[in-house]
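We begin with a single chain expressed as structure tokens, specifically the form predicted alone.
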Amino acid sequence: MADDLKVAGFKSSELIASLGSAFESYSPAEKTSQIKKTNGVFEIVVKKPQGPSPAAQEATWTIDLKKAGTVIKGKAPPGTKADVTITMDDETFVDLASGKLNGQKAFMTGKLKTKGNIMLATKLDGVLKGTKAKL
């Protein structure tokens, strides 16, 4: 399952795969608690420059912490709508996940852009820290 989440060339895909594994290892009670605490669907769009050309490659993952407690590669499936879309580059996501950068600072400096429920976006730091502790 975790390998299904990987996208070649993106450092962040390893972290997303770890997040997926952490969610899979949650007990039903832990998963319910995380869903209750977060109550939202994140669409994470990670961009990466493509060599010398200015065109960027893009990878998208959806973290459902509203109903399913899962991570999938791609946009939210039909019937599920992202509450917030968070767009950033590969390095920024890696720094966020490792704790080198916090989400608010990334947002204020323009490294992270959001569309939708910005208050929910602030919960991403907690989700990443919570699953990091689980690994």
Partner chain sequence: MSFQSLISGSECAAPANPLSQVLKHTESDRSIQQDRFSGPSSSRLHRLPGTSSTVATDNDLALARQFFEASPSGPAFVPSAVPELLSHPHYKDAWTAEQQQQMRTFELNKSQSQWAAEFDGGASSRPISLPQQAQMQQNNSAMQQMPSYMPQAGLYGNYMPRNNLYSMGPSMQNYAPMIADKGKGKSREADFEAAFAQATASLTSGIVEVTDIEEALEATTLHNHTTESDSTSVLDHVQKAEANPPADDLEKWATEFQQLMEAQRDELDYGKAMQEAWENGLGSVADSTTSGELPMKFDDVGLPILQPYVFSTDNKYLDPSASVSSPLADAKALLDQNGSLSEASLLLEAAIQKGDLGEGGYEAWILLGETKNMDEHEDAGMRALVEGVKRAEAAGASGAGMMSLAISFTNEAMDRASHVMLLRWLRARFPDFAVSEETANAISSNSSWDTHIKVTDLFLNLARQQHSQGIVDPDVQIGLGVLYYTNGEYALAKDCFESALSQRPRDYLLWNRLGSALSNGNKPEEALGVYREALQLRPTYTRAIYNVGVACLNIGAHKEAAEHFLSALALQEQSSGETSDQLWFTLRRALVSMNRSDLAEQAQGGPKSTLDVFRREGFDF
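In this text the structure is predicted, and so the values were computed from the model without any measurement. Positions refer to the first chain, counted from 1.
Absent from the display: the form predicted together with the partner chain. The rest refers to it.
Although the partner is absent here, Ile44 is not a contact residue: none of its heavy atoms lies within 4.5 angstroms of the partner chain in the predicted complex. Contact between Glu91 and the partner chain in the predicted complex is found at the 4.5 Å heavy atom cutoff. Lys105 belongs to the set of residues with a heavy atom inside 4.5 Å of the partner chain in the predicted complex.
The partner chain in the predicted complex comes within 4.5 Å of no heavy atom belonging to Lys73. Contacts of stretch 63-93 with the partner chain in the predicted complex, defined by any heavy atom lying within 4.5 Å, are made by Lys66, Lys67, Lys81, Asp83, Glu91, listed in sequence order.
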